[in-house]
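Given as structure tokens, the chain that follows is alone and in the form predicted alone.
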């Protein structure tokens, strides 16, 4: 019996499992559960000490994600009340489902050797394989090294189940394309790249995702093409950010305002002209952009070994972009040190208020936050660091104060790392009073404050890309 015949016999997709209750899995499960033609969605979450609490919260219709996620809380309550969604740690329930998706993180422990850490993903795949039944659909949503779906994932599923992909079950890759803070909107409105290991698998996976899409549409392709699409689009965004960061560093060195230059470049518009630039900043964080370049690099090393035509001896443009973005917290440290020197304050013993531990504005997402290497550098040089974030209450090894006033009190320097809306309303006189310093330093890593307003109050200002203000005259108050 062919896979196509097996799927016809099984009928339309009615029951779905989502493995991994995180920033991708939770909104995906809620949206799938809200589709009328789907009967039920089961969320699978390990009952571990660090994340097991999510199970009870989700079964109460509560989101464990903090930060601003429009519509998610209401949607979860709706699907739980309607008994169309539940969460469990019992992976044996996979056996009764029509389709299973995996949304599990795939980090790199050591980026130098280009070896991804697929341990969590492989554990999830094994759970699926042990409970796989003929006619089921398995979809990897995790960002993965090109070649993984038709390679490691296929081999592991076949080994654990005794079934054959493309004959007994459908297998595809449909990478997520979401941003924290707009999860539901992104899933509904972004086009969905769906790549099966064969045409039948691609068609079955498209059946799963089409009902969720509002504006977006399914773009069918091969599994490997879908893997490259996801890693490349994030790699290219990282490259664009690096271009903005490098230009910001150039503007600082030349004593000009990056934002004037950006506005000028962006003004060139017309048919076939694309000059829009992204924004520079204190660093790039998150789970995706910090690693997807390395997935792409490993993919071409494995799949394109011996066939890649590239300038001999030249480093990868994409990896260089990664290094530039990883450098930005170090640049923030140097701006901090320079500002304190202008204030006549040694770095050792200085108190620095670090505003923003999440890597993204109005979010609680702390994965690979650029604030951490900045804090580590300060502590290594003897500074005292007080961290505040309105959305992050705790983080391993870091004390986060609950009130911004506590962080600012007695601060010699204030570093803005996240563009949270709460920080946009900070007033220079209030910060000056809380610091109690004659010339407190402010280091703006997200272009949030008006430099002149702070300079007038006696602050020493340092900002990424603000070469026109970083060497300003210090205003003395009587």
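Numbering follows the first chain given and starts at 1. Small disclaimer: the values here were computed from a predicted structure and weren't measured.
A second form of this protein, the form predicted in complex with a small molecule, is not displayed here; the remarks below concern that form.
Review point. In the predicted bound form, does residue 374 have a heavy atom within 4.5 Å of the small molecule?
Key: Output for residue 374 is no: heavy atoms all beyond 4.5 Å of the small molecule.
Review point. In the predicted bound form, does residue 278 have a heavy atom within 4.5 Å of the small molecule?
Key: The answer is yes: residue 278 has a heavy atom within 4.5 Å of the small molecule.
Exercise for review: State yes or no: in the predicted bound form, is some non-hydrogen atom of residue 86 no more than 4.5 angstroms from a non-hydrogen atom of the small molecule?
Suggested key: Outside the cut-off, so no.
Exercise for review: Although the small molecule is absent from this view, report whether residue 154 comes within 4.5 Å of it in the predicted bound form, heavy atoms only.
Suggested key: Because no heavy atom of residue 154 falls inside 4.5 Å of the small molecule in the predicted bound form, the answer is no.
Check your understanding: When the small molecule is placed as it is in the predicted bound form, which of 199-207, 87-95, 388-396, 280-288 ends up with heavy atoms within 4.5 Å of it?
Key -> In short, 280-288.
Check your understanding: Does the small molecule come within 4.5 Å of a heavy atom in each of 182, 230 and 241 in the predicted bound form?
Key -> Yes, all three are in contact.
Exercise for review: Have a look at 331, 351, 177, 337 for me and say which one sits with a heavy atom within 4.5 Å of the small molecule in the predicted bound form.
Suggested key: By the 4.5 Å criterion, the partner-contacting residue is 177.
Exercise for review: Identify, from the list 169, 359, 294, 258, the residue with a heavy atom within 4.5 Å of the small molecule in the predicted bound form.
Suggested key: By the 4.5 Å criterion, the partner-contacting residue is 359.
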